[in-house]
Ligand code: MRU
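One chain comes next, on its own, written out as structure tokens in the form predicted on its own.
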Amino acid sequence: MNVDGVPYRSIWVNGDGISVDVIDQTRLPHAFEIMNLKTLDDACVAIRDMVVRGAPLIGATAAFGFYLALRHDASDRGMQTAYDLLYATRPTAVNLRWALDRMHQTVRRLEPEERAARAYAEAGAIAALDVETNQGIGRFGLVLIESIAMKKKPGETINILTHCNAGWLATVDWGTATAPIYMAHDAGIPIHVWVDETRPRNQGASLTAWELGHHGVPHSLVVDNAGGHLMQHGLVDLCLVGSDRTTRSGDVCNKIGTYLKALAANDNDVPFYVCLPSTTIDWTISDGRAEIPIEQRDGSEVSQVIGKTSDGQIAAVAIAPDGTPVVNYAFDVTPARLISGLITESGIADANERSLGHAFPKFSARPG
């Protein structure tokens, strides 16, 4: 996608042909900076500290981190250490495990001296697959937006509400929830996006607003709790969100606050769709509320806000009394009954095991 007219992806191989570059998302929206990853430790820090985030991008970064690890130690022990360290960085996003399993299975039977080169190619293939997948999500989501547009008056704006950042910054390119938005905008359909600020970390305000603005998509930033009000007053035609993990039964784990948006959408008859690649489906679990581990992050994400001061400095500002106890749940689970459909690279599926199994028979047939 575009940054000041220049096409970027969120992760790419550096010009040296060895190391990997990523956009440092902790510096956005106030500074656009690139971080270079040379080692396994660099990749672990990037994932853990949310320099990169979003389930698909976490998976791609883990794949490249696995490759970087094998450049320094391609033994069986080195390979297992790399797997374990990368897997421990973020417990919720299933793409992380998927990418590491694919990398491990690809290289484990090779001789140690062959592993790094093969891992490099496989990490590149995982990144390319993510772009292709998101384009598929975008095309199926575009049909949905076109259908809504046909029901409105010609030229009338389609208002879409999204939550957190499921944009190209959360993937390698295009995004999940934003892919249909970008395609509709590029096709000339009048689009306006309500951007939830998405506390904590404000990834809607800092990331979604940033990327939509750079691509020229009309949007407005709103506080998280405004979504229900907007829906009550007919100002939302469609909700599009992403997913960090989806069960085989259609429950969706996503950024904290997604569940509340789904409840409001259900109460106001607003279509609520989740955009996700098949790699985000965890076929081993059925009950999202009981079986998905919910990451609890540092309380400073809640008690502080990072922003730009009037003199241009980027600083963390306390918004709660010193010493206030904080609980910081990073995700919640939206039950399948509240979801209008799951937009995937294979089409739009109902949020249930039968429909997902029909869309992805190869994966659903795997033993749990």
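Numbering starts at 1 and follows the sequence shown. Here the structure is a predicted model, which means the values were calculated and not measured.
Another form exists, predicted together with the named molecule; not displayed. Remarks below refer to it.
In the predicted complex, Gln203 touching the named molecule (heavy atom, 4.5 Å): Output for Gln203 is yes: heavy atoms within 4.5 Å of the named molecule.
4.5 angstroms heavy atom contact with the named molecule in the predicted complex for Ala55: Because a heavy atom of Ala55 falls inside 4.5 Å of the named molecule in the predicted complex, the answer is yes.
Partner contact for Arg90 in the predicted complex: the named molecule, 4.5 angstroms, heavy atom: Contact with the named molecule, yes.
Touches the named molecule in the predicted complex: Met50 (any heavy atom, 4.5 Å): Output for Met50 is yes: heavy atoms within 4.5 Å of the named molecule.
Listed residue (Asn254, Thr279, Thr247, Thr133) with a non-hydrogen atom within 4.5 angstroms of the named molecule in the predicted complex: Of the candidates Asn254, Thr279, Thr247, Thr133, Asn254 is the one lying within 4.5 Å of the named molecule in the predicted complex.
Option from 218 to 226, 165 to 173, 141 to 149, 100 to 108 whose residues, in the predicted complex, bring a heavy atom within 4.5 Å of the named molecule: Only one stretch passes the 4.5 Å heavy-atom test: 165 to 173.
Members of 302 to 333 lying within 4.5 angstroms of the named molecule, judged by heavy atom, in the predicted complex: Contacts from 302 to 333: just Phe331.
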